[in-house]
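This document starts with one chain, in the form predicted on its own, laid out as structure tokens.
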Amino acid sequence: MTASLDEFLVCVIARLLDDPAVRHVAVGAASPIPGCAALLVREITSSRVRVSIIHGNANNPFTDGGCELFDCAGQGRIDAFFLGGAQIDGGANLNLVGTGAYPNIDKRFPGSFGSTFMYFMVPKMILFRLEHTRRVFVPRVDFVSAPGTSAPDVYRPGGPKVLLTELCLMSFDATTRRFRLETVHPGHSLEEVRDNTGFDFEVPKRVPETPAAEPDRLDILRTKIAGEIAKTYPAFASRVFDTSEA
């Protein structure tokens, strides 16, 4: 049973979320792969994990997504969340504002919204950026929308734990303020990761290959989760799971 890249990444994220400490996963807008993973974990844990997808109506418990989402996070009621960035540097700093010398930026992005607050408050923050190039993974972000680490006297129960891309999985150590390569995806190499990353990162003596998608979870993803995620992301579901024929 061969998985597409999207399905493979869904299963990788599902492993990260299949954790007794994770009881409530929130997923922001425009995040179909994390959304699929959260729904998959809810299914395989017999609904032990609560899922809130802040996009559309299906699996969205909020009537005013931003305010209620932030309230939940501030009360410690969200255990895992996802963030990305137009730029990410080796200190896990995120840039969602624009590239170039601020305020005279060359290209403007949608903005930070509540990313900084969520970055500080959610214990298991998963950085997810499909594109793995030096355009994204830079030596230093042009603008810090959300800092990867904070001073010791700053109250911060949350922060980045892992980074997942099309090439690899990395962990982040807030003490050393560095990423560590954990696994490289099948068909890719350490050299490819290095060539496409603009910052240094820790490398173990032996770099394992990221495990393939589990056949049983892949089956659940295609037979049950596909239809569920189609309620929120119909175009994604049609492309990945061909739900247009369902």
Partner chain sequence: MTVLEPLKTLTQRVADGVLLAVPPEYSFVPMTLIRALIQRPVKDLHVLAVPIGGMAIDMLVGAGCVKTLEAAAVSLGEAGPAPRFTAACEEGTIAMRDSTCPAVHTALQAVEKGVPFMPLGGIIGSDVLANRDDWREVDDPLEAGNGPIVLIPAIRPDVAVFHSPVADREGNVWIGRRRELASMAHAASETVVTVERITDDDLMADEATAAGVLPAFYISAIAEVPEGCKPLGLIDHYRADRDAIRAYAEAAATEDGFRSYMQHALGGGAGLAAE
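Numbering follows the first chain given and starts at 1. Keep in mind the model is a prediction, meaning the values are calculated, not measured.
Below, we turn to the form predicted in complex with its partner chain, even though it does not appear here.
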**OP:** Go through 42-50, 212-220, 198-206, 183-191 and give me the stretch that gets within 4.5 Å of its partner chain in the predicted bound form, heavy atoms only.
**Re:** 42-50
Original post:
Mind checking whether each of C36, F81 and R177 has a heavy atom within 4.5 Å of its partner chain in the predicted bound form?
Top reply: no
Original post:
Does any heavy atom of R77 come within 4.5 Å of a heavy atom of its partner chain in the predicted bound form?
Top reply: yes
**OP:** Decide whether T133 counts as a contact residue for its partner chain in the predicted bound form under a heavy atom distance cut-off of 4.5 Å.
**Re:** no
Original post:
P139 near its partner chain in the predicted bound form, any heavy atom under 4.5 Å?
Top reply: no
Original post:
Does its partner chain get within 4.5 angstroms of any non-hydrogen atom of F172 in the predicted bound form?
Top reply: no
Subject >> its partner chain in the predicted bound form - contacting residues of 226-240, heavy atom within 4.5 Å >> reply: Y233, P234, A235, F236
